[in-house]
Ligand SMILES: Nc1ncnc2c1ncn2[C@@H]1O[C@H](COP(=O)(O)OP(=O)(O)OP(=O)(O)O)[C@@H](O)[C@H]1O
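Take a look at this single chain in structure tokens; it is the form predicted alone.
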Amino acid sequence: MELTAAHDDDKLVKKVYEIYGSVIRERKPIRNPREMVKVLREEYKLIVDERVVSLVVAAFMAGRPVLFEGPPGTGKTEIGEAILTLWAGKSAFILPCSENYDEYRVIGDFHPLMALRYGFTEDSFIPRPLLAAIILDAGVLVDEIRRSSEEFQNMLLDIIDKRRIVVPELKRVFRARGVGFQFILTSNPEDIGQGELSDAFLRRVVRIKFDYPPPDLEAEIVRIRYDAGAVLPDELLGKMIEVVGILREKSAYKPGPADTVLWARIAGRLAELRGSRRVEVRDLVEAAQIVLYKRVDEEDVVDDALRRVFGG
């Protein structure tokens, strides 16, 4: 990204462009849901229901953040990042939440050595992704919001509501310059290691539920993302989806479509390495042992599902 002449004399804005400008890619914004669905499929290899895209776009137009809730591996993060990028016409920023996330990690902080030299000024201030996003008018994907503290969530709400970031130490207020500065948050409400979202938070977001796709749609997802040279027969793909369906019912780790895609890709690579033009059962079984084995105490559950579906 190139710095505009209007901000050429702003030290902090110039610093944002210097740090983040080289990693932000620009494109023509897309805000029509139907066109967005087409681009998501053709460019991003993502199959997204037009209804979901329309709901996100409507929420953005109403000035509301969107919460994608659902189990892991169902595409929440990847779809959210892609929609934000298409909407803003710029690469989206991703904030992977943790308990110790605070304003200094996402807005900015002073570099200790530079602060000794220049004082607590713009010369020593290091801008972080959230501040960069509002300056660049880009979208923000807040991943696993339930892993953050209530204080962090409240800080986000204030920024989202007022569309501005205050940096008291610099006596500056940064306001959103356009409509590209939007938020999508992701959450897995069934993860016992995460906290609850406050009522105040839930009142402000638009919630969209994600779930495992039906078998025919999951097969389409695998097909569109499968990139190995060896042919994956429809019969074997159907058996793969049958296996993951069993594991979603019986195992603690429930594989998502992302796992199914990875399983297919690795099986395809194994077939290629063996000089085969076609994926065989042994390729799928061996690939399953590195893709679907997630917990030592559940390896037998995976093996049993493979035997039930593939035999042997």
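These numbers were taken from a predicted model, which means no experiment stands behind them. So that there is no doubt, residue numbering starts at 1 and follows the sequence shown.
Not pictured, yet referred to below: the form predicted together with the named molecule.
Segments offered: 83 to 91, 218 to 226, 164 to 172, 115 to 123. Contacting the named molecule in the model of the complex at heavy atom distances within 4.5 Å is 218 to 226. Listed residues 266, 258, 55, 281 were compared with the named molecule in the model of the complex; 258 is the one with a heavy atom within 4.5 Å. Interface residue among 242, 78, 109, 137 relative to the named molecule in the model of the complex, by the heavy atom within 4.5 Å criterion: 78. Not displayed here, the named molecule is kept clear of residue 127 by more than 4.5 Å at the level of heavy atoms in the model of the complex.
In the model of the complex, at least one heavy atom of residue 46 sits within 4.5 Å of a heavy atom of the named molecule.
Although the partner is absent here, residue 144 sits close enough that one of its heavy atoms falls within 4.5 Å of the named molecule in the model of the complex. The shortest heavy atom separation between residue 153 and the named molecule in the model of the complex exceeds 4.5 Å.
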